[in-house]
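Quick setup: one chain, the form predicted alone, written in structure tokens, and binding and motion questions come after.
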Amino acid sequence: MKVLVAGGAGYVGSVLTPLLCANGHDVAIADACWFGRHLPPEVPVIETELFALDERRLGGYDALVFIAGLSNDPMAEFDPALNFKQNAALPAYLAYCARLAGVRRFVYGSSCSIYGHTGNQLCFEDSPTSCTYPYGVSKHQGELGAMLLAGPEYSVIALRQGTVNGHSPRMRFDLIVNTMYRSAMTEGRITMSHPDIWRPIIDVRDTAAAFVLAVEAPEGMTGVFNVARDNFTVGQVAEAVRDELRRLDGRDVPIENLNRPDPRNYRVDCSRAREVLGFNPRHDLASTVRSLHEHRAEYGDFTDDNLYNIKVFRKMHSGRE
């Protein structure tokens, strides 16, 4: 298939793109390249503001994968207006243009953040959502806008991703497992906001595999799917990071509980993705920590601003705070 990945130069895209290529697809990237390029040199990159894409420029592609936009709560709260443009309006616009252009499939990178604060309740794709913060609201709006366009000749698949972690060529240390690993390596401790908060967790390699499954799903398939390895409390994640580091190099780090409230607390069921898409994640928390540890020499002293999305974003908008 001829596949365009919008936002493909980012954290997930830098893992997804080589996987799509390895599966024999003809892949191109459209990205504003806020965080640079960390892609195979043979993959063409269209460096552009994504609202500049239109029906004409999307013609000829079989599938459009949308993993662009603002990627986390700090970025969304720093610039709520841009958050709603990039996460709500942009995917709906591109899904609309892709349909006009004759693209057969649109795959939207949604988020489990849309579920909000649900306590111990297990969330299915048809469960009500309760998010009230800019990032979660905008991701839900983008999903709804894209799904409205699905039809007999136009497949739309939305993947509600759990919190993604692990090593990527475009590395980030503002994700729960990655952040805990960084603090263990640099501060000799693991800090957590609150041990009882629930999160669905997924390794970036499994996230990429889920997107490939969505691209390659049977023609005409449309639907929304939760994708995660499993649900963990923040305390369980901290313990897993500590235990794997102890096993890897004998490092024994304490866990510090900051007892901070969190507006997000949700658990998800991923049986639909497993049964319909054939999604079977391979990487557990220990595997994610190992992936980070294997690449630790590449991270320097972990202080590079390019490893943190909000730091790059603030530099881009310096003088606005």
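Throughout, we count residues from 1 along the sequence that is shown. Only a predicted model underlies this, so the values are computations on that prediction, with no experimental measurement involved.
Same protein, other form: the form predicted together with a small molecule, not shown, and the subject of what follows.
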Would you please decide whether residue 164 lies within 4.5 angstroms of the small molecule in the model of the complex, comparing each non-hydrogen atom pair? yes
Looking at the partner-bound form in the model of the complex, is residue 172 within 4.5 Å of the small molecule by any heavy atom? yes
Answer for residue 49 alone: is it within 4.5 Å of the small molecule in the model of the complex, judged on heavy atom distances? yes
Touches the small molecule in the model of the complex: residue 32 (any heavy atom, 4.5 Å): yes
Only one of 181-189, 245-253, 213-221, 134-142 has heavy atoms within 4.5 Å of the small molecule in the model of the complex; I'd like to know which. 134-142
